[in-house]
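One chain comes next, on its own, written as structure tokens: the form predicted alone.
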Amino acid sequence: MIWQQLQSIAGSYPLALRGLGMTVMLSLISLVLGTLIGFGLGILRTGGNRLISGAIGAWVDLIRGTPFLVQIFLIFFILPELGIELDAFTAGIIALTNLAACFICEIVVAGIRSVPTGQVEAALASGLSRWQRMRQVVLPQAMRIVLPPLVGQYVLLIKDSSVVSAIGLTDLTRVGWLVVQRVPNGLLVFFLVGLGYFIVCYPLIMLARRLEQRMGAAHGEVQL
């Protein structure tokens, strides 16, 4: 019986490949946009303007403190009532990008604040402008702290992309729900779905682990 079910699942290979492609494309676009926006928000939040910093902080806390499913429902179902029509793919990109940007913003803020104050003061004494200090002194040092959790956040975002199946996008999770209607073995079907996500995420998991090891080794050398 299991063999027959595996054969039936194998017949869904083109659909599964399409779902995997949708998951990868959604994640990739959202990661790129979310990283750019997140770094921008992180730099603005540490820029010294209390109004801007407070507004960004409030938005980040709101997004981090509410379920992603609720956020994507608000974008896909509520915005059309306000006259903003979005297809499922666009709504998914906006929701995932916003989620990624908020979490990445906090990672960047933590990295920037970890740079010793003396380094910033030395750059200021050297006559560097604010942007030059950020680009030449602060960010290069902050990136050593930022990179490992940043890659880890990428893994979390790829897994969070499964929520877009709730608004009808045919991603990997949605394919699982479609296949399980024909193959009445949810355990087997969603084991394979989970395996697909693992295959996508595993290289990033290994990269994050390697970065953490290198960071730890570099920190140990500095202490010695």
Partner chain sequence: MLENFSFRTIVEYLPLFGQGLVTTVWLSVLSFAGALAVGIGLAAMNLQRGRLFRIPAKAYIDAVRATPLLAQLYFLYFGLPRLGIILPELVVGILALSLNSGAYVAEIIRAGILSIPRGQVEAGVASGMTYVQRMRLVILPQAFKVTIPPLLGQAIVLVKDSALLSLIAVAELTRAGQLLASDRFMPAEGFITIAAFYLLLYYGLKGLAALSGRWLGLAGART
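Residue numbers count along the first chain shown, from 1. Since this is a predicted model, take the numbers as computed values, not measurements.
Keep in mind that the form predicted in complex with the partner chain is not shown, yet the notes after this line are about it.
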For this session: Would you please decide whether G47 lies within 4.5 angstroms of the partner chain in the model of the complex, comparing each non-hydrogen atom pair?
Result: no
Exercise. Is there a heavy atom of S27 lying 4.5 Å or less from a heavy atom of the partner chain in the model of the complex?
Worked result: no
Exercise. Counting only non-hydrogen atoms and a 4.5 angstroms cut-off, does L33 reach the partner chain in the model of the complex?
Worked result: no
Problem set entry | Heavy atom of I43 within 4.5 Å of the partner chain in the model of the complex | no
Exercise. Quick one: which residues from 77-101 get a non-hydrogen atom within 4.5 Å of the partner chain in the model of the complex?
Worked result: F77, I78, E81
